[in-house]
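A lone chain, given as structure tokens: the form predicted on its own.
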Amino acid sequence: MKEAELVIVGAGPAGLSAAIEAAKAGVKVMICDENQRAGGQLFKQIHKFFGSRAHQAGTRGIDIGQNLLNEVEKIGVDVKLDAVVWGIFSDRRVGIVHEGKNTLVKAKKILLATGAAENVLAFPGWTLAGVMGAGAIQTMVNVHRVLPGKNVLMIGSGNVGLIVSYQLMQAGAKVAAIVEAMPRIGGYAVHASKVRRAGVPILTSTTIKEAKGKEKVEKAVIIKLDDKFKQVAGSEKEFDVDVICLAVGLSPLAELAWMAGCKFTDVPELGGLLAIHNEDMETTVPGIYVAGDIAGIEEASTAIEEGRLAGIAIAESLGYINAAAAKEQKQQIYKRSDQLRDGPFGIGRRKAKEVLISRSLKQ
């Protein structure tokens, strides 16, 4: 059986950031990711980040991702791609399939940075070709340079829906409208203003009623909702579209945390059922940590900070950083994270995160 000081599952912004902080301190780090390329969602994000200079404001996600990859390579982290982690056991053994071989690795510490999966929305015709998740569309357009269709209806006005709408227009598609079931826009005003200036209507208190077509999407029917989210008869409107994009939220990919025996709690503001963790990102199972969307659906900037925090905490627990130095570094990360959650781009998630962390004290 192989051994490792730290095994990180997921090579996205949280996992890479944790690897960098831990490896800089001297920890021997192994990262496993099921994809063919490290970097996670960052390589789909061609827009510039917001926040402060400390949060890399003005830098595009693809550039942030490349910077993280360069640093990981420079430090010498063991990155295993096309590596599927299929199980975690109580004695911190990690089951990995890599290059056709099934291996068990005994880890001193484990960090789960597995991210999240897109939510789906069921409606008549939702199985037609052309109904796609926003993540799939970002992959096609921003990574593979393939336009999925010419006329798009976007479902969801959160940041993902707004940003992907604008990116689709940049790629040459027409966005007929953005539909939002809530009575208000879910994303940042700066993104909403950008798509509105481009001539895209954002229809709140509205949902999709039906997709029409024989073998693929040809039309989409939307309908207004009343204050109790009931469909308003006679308010239907039809669009000629060949793509319906679903941007209706994310759910944490927490199966490995469940398997490891971590305790969970429900925090709707952060995506639903989450592994309870303390301020150091350690779960209720000693030696197993979480960071990024698995610890609460937020932004990539927050995932990077949580990854840094987990990496420093793990290095401290393994004796590579003394308590005083670790405390100073962690305090800086707490401050930057609070700024993200309290500021105009944080949507007030600080309180929800404090509730989640406070529940770790009761375990």
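Numbering starts at 1 and runs along the sequence shown. Predicted model only: the values in this text are computed from it and were never measured.
Heads up, the form predicted together with a small molecule isn't pictured, but that's what we're talking about next.
The three residues 21, 288 and 311 each lack any heavy atom within 4.5 Å of the small molecule in the predicted bound form.
With the partner omitted from this view, the residue of 153, 110, 160, 257 that lies near the small molecule in the predicted bound form is 160 [heavy atom within 4.5 Å]. The shortest heavy atom separation between residue 305 and the small molecule in the predicted bound form exceeds 4.5 Å. Interface membership of residue 301, defined by any non-hydrogen atom within 4.5 Å of the small molecule in the predicted bound form, is confirmed. In the predicted bound form, the small molecule sits within 4.5 Å of a heavy atom of residue 41.
Taking the partner from elsewhere, residue 114 is found to have a heavy atom lying within 4.5 Å of the small molecule in the predicted bound form. With the partner left out here, the small molecule still marks one of 231-239, 249-257, 217-225, 122-130 in the predicted bound form; by a 4.5 Å heavy atom cut-off that stretch is 249-257.
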